[in-house]
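Below sits a lone chain in structure tokens, taken as the form predicted alone.
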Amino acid sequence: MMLQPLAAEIPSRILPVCIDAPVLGNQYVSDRYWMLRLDAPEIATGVRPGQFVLLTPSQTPGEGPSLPRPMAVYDVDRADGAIDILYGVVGSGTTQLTRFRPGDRMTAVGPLGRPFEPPSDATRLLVVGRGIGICSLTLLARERAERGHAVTVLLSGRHRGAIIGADFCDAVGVHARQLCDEDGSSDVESIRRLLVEQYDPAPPDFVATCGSKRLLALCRDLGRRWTCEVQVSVEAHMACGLGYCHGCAAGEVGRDEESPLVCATGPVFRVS
């Protein structure tokens, strides 16, 4: 499977900024997930679906961890200048994020990376996400639905309580289907049969995915079946988020050139 960079230039790109953003809210949601809201108008103004921010978990200089954490922008309120970050607690860095309270300030850098770029004539979108990967897809679903496009979202997780994004989809009027491991509905072959039955008569013209290599392979196969474009948001550990450190190679290594960097060339790639 090959990941292909999108166009060389990002249309109407807003240059990233580094700000000390006031924390507006930071609340437990469910399972291991928390919702963080930052007052960040400099980022909210230009962030696009699929882009991310780097958040510094430490509140005291010299306090670890030393590296910021890349987080997809889950939603944005451009009028109020706020961004929402839904994050999963998996280690010391994300545990420290939970300690921020309203009124605290958090160092944030963004917007970063390449956004999703559906074809200009795409009006039927299929969005397939699993776990925390869903957070890279929600803003895409919302903005396309606001344009009057037909958007269907598949949300999957380990169990019902681990599925995120369903309330978001309900709020923005996007049809979402929830699938989980515990009842077998998230099995890849079950999803394949479901989507083939639903979409073969009238295929989507764009597919976006994030969160699972198995779902990525499935979306690639279905994209070929339906002759439509597939794009994926790739997750990676990173240090700078700007392409300086070269620490987040996408893994698609060629003989004559360096593997694309997730932070600069991605995180969104075309799948072939």
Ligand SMILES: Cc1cc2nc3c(=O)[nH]c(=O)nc-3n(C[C@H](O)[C@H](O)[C@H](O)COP(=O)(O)OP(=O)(O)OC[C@H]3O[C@@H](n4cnc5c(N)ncnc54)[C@H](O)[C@@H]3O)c2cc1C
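Note that the coordinates shown come from a computational prediction; the quantities given were computed from them, not determined experimentally. Each residue number is its position in the shown sequence, starting from 1.
Although it is not shown, the form predicted in complex with this ligand is what the next lines describe.
A heavy atom within 4.5 Å of this ligand in the predicted complex is found for exactly one of V109, A145, A82, L86: L86. The partner is absent here; in the predicted complex, the one residue of I163, L139, A72, C169 having a heavy atom within 4.5 Å of this ligand is A72. Among residues of the shown chain, C135 is one whose heavy atoms approach this ligand to within 4.5 Å in the predicted complex.
By the criterion of a heavy atom within 4.5 Å, V29 is excluded from the residues contacting this ligand in the predicted complex. Taking the partner from the other structure, this ligand in the predicted complex has no heavy atom within 4.5 Å of any heavy atom of G173.
Residue contact check for V90: one or more of its heavy atoms lie within 4.5 Å of this ligand in the predicted complex. The stretch in contact with this ligand in the predicted complex, judged by heavy atoms within 4.5 Å, is 91 to 99, chosen from 91 to 99, 188 to 196, 173 to 181, 116 to 124.
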